[in-house]
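The chain below stands alone, shown as structure tokens; this is the form predicted on its own.
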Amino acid sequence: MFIDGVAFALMGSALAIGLAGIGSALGVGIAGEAGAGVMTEDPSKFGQVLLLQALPGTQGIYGLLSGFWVLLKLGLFGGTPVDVTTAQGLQILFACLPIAIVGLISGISQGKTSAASIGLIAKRPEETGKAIILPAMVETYAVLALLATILLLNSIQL
């Protein structure tokens, strides 16, 4: 096994998990702050607020999925570890960048959009459906980044 190649591949996995996770953590925190403010006024809105707060958490899940995909590809989960050249390791690293970068940015952006939607629910609870659609639009780009990462990872021959 070429250590350099594996190191680059593991770096890609770590970036996908770490950056997307950071984006989700920040996004969920941003939405949670808005949600706490709304629930101090009306605790009955907990269910609606919780749904909107949870939305930015998906980027972290996508990053985790991508990171595990790399580990499976490397044969590190109960399989036989494969030899990875430096070039292959770099390919895996770069394949992980779409979900790492987009997961970070979209998690934060979705948190801000969720916070705004929580404000909408505070004033007009009958508009919950519309309030959910706004942060869901941000989700589209995280899903596209996940798809790109998976397609790129699948195109790498080890």
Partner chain sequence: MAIRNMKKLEILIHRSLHDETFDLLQDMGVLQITSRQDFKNEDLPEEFHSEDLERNINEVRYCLDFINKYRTEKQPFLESFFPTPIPIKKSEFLEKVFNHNQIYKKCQSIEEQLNTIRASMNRLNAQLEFLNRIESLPIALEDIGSTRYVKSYLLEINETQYPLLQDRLEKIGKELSLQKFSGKERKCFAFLIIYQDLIEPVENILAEESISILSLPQAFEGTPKEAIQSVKKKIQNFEKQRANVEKEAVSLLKHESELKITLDYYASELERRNSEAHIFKTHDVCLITGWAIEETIPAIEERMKSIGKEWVISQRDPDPGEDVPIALENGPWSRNFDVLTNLYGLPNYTEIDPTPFVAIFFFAYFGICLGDAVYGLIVALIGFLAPNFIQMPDSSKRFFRMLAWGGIASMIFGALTGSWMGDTFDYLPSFLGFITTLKNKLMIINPINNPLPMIIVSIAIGIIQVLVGLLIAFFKEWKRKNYLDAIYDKLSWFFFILSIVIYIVAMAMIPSIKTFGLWFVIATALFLVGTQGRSKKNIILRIFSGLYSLYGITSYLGDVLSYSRLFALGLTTTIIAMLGRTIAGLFGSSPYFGWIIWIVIFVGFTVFNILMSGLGAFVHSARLNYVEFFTKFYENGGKPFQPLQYKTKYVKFTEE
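Just so it is clear, the structure is predicted and the values come from calculations on it, not from any experiment. Positions refer to the first chain, counted from 1.
There is another form of the same protein, the form predicted in complex with the partner chain; it is not shown, and what comes next is about it.
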- Heavy atom within 4.5 Å of the partner chain in the model of the complex: which of Leu97, Ala122, Leu65, Leu26? Leu65
- Among 100 to 108, 87 to 95, 33 to 41, 127 to 135, which stretch has residues whose heavy atoms lie within 4.5 Å of the partner chain in the model of the complex? 127 to 135
- Does every residue of Thr58, Leu146 and Ile150 put a non-hydrogen atom within 4.5 angstroms of the partner chain in the model of the complex? yes
- Item | 4.5 angstroms heavy atom contact with the partner chain in the model of the complex for Ala116 | no
